[in-house]
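The chain below stands alone and is given as structure tokens, in the form predicted on its own.
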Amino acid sequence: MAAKSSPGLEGVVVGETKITHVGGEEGTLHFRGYDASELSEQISYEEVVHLLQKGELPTVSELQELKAAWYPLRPLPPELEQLVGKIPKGSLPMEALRSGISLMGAGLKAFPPRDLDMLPFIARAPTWLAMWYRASRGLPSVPPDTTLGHVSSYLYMLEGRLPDPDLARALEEYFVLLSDHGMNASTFAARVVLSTQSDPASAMSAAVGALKGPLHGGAPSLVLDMLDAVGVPGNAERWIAEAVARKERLMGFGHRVYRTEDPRAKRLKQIAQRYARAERFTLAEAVEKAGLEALRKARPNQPLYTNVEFYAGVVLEAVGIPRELFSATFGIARTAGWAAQLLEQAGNNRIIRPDASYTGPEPRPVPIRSVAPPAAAVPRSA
């Protein structure tokens, strides 16, 4: 008997991991046993990179060693920097990021990757993205500051000035929360590629390609488009009701895994309340409330809550990230998780090769056709 298929692999366990536990029923998220929301309040992105890869939070000396190895890697090699301006005009930020990630793997041993092989991707992805973004707008590039923290350096390269420490910390909390999320689509794509004993640049490029899709990482900017369309809190109930009646998708609501509130959304809402403009946060709350009420009436048997993207958009806007860079910023935050997941895959590798349930025609004979004799060759003229 053929095995029962599961479109989208829903409910299918494809492996084991010690990195991240996503509690879909409970609404929890833990990195190596630590609550991700608590980590976001207390630790740096650099520390979460160490935690995801090594299994423990770094000691003071280990953190200093990591920074000493990491920060000098931020500048792009000259041959790579020259290619930033070669990305075709009109490319989307995720397309530019995908190109940059693929180019960063030049010269790396294909398999298995080591910890230090992963660090250049994490260190240089923000540099590449910021340089490309400024170049695409005719602005001079801003070299990375190798004395700043990872997230502060990214903001500095984007804006050309030292970032506000509070806003940089808000973005760092976002980076920590988004650093990993179990066997999501982009992580699975990356692990599939590496399982063939390919190189980490190919695997991470596949991950960026998966993240580019709006069903995975492309909705935060669309949430802001929705808020803009609603305009003021008083319009929220009517606007949402009309959108639901038209069967339009409400951006930032629902999640494939969580059957209760997404813990990242809960934490990001707290961050948004601190840093977003008061009128923007009030509007977001009104739209959230109207959306949840409308969806529960329309789909009473389906648990629907705001997901990570709803308040992520509000936070990124408050920090000053350009709306078109929301998904790519998500991507550079997720490089930490991709790196850790690829190292784990390489440590106990087996090629990921699932089966598919065949639903085509039964075996049948090839029809016999008459074959015309070959045409006579025509002699060439002298």
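Sequential numbering from 1, following the sequence displayed. Worth saying up front: this structure is predicted, and the values here are computed from it rather than measured.
If you look for the form predicted in complex with a small molecule, you will not find it shown, but the lines that follow are about it.
Novice: Non-hydrogen atoms within 4.5 angstroms of the small molecule in the predicted bound form: do 249, 253 and 309 all have one?
Specialist: Heavy-atom distance to the small molecule in the predicted bound form: all three under 4.5 Å.
Novice: Determine which one of 208-216, 278-286, 119-127, 145-153 lies within 4.5 Å of the small molecule in the predicted bound form, judging by heavy atom distances; exactly one does.
Specialist: Going through the listed ranges, the match is 208-216.
Novice: Does residue 295 reach the small molecule in the predicted bound form if we count a contact as any heavy atom within 4.5 Å?
Specialist: Contact check for residue 295: yes, within 4.5 Å of the small molecule in the predicted bound form.
Novice: Just checking whether residue 304 would be counted as a contact of the small molecule in the predicted bound form - the rule being heavy atoms within 4.5 angstroms.
Specialist: Yes - in the predicted bound form, heavy atoms of residue 304 and the small molecule come within 4.5 Å of each other.
Novice: Does any part of residue 238 reach within 4.5 Å of the small molecule in the predicted bound form? Heavy atoms only, please.
Specialist: Judged by the heavy-atom cut-off of 4.5 Å, residue 238 is well away from the small molecule in the predicted bound form.
Novice: Against the small molecule in the predicted bound form, would residue 330 count as a contact residue? Criterion: heavy atoms within 4.5 Å.
Specialist: Close contact exists here: in the predicted bound form, residue 330 approaches the small molecule to within 4.5 Å, heavy atoms only.
Novice: So the small molecule isn't shown here. In the predicted bound form, which residue out of 114, 274, 109, 299 has a non-hydrogen atom within 4.5 Å of it?
Specialist: Only one listed residue qualifies here, and that residue is 299.
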